[in-house]
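Below you'll find only one chain, the form predicted alone, shown as structure tokens.
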């Protein structure tokens, strides 16, 4: 029997159960709105969205690895490509591209072609410092930490803030050594 290779983001996206996109978008918007009401400070909302995303990411990586059939990536470049081409397509139904690599291969940008989280969204003047989709940066950071990569993920461009695209900068801070349980079988 031939080994099963990794599946493309399109193949996975077409085979998994999905939630209505409008329901998802409106629910996310309600969460952000409630955070703005409860926390009152935009910077605190940004931190909370990032933390929520981080918590989602540390759980989502298991589903990604199980359903995508992806084996261990060779390096950070391959990992970034897998996030852009398979991960975003698998979970959000959008395609992303990886650009702007630094000379060391430890920092890149992920540019989203579309962003379903921002349908029906306009930021009021009082929320201009808000990174509305900050949950995505947390998801990436949490998922990568679970595969032994400590990263910093920040928004560099956001259409809601007047830019021409949605762009995340992903910077590898360090490779975390894997820890194995101490002789569980004895």
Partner chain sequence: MIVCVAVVGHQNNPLYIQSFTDADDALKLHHIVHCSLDVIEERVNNPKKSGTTLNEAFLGLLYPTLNYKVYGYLTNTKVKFILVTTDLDVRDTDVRTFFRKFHAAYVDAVSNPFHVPGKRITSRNFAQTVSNIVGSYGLN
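Worth saying up front: this structure is predicted, and the values here are computed from it rather than measured. Residue numbers count along the first chain shown, from 1.
Below, we refer to the form predicted together with the partner chain, which is not included among the displayed structures.
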- Task: Name the residue from 70, 36, 149, 153 that puts a heavy atom within 4.5 Å of the partner chain in the predicted complex.
- Result: 36
- Query: Any chance residue 125 has a heavy atom within 4.5 Å of the partner chain in the predicted complex?
  - Reply: yes
- Query: Might residue 159 be said to contact the partner chain in the predicted complex, defining contact as any heavy atom within 4.5 Å?
  - Reply: no
- Indicate whether the partner chain has at least one heavy atom within 4.5 Å of a heavy atom of residue 29 in the predicted complex. yes
- Task: Report whether the minimum heavy atom distance between residue 65 and the partner chain in the predicted complex is within 4.5 Å.
- Result: no
- Query: Taking the partner chain in the predicted complex, which residues along 126 to 152 bring a heavy atom to within 4.5 Å of it?
  - Reply: 127, 130, 132
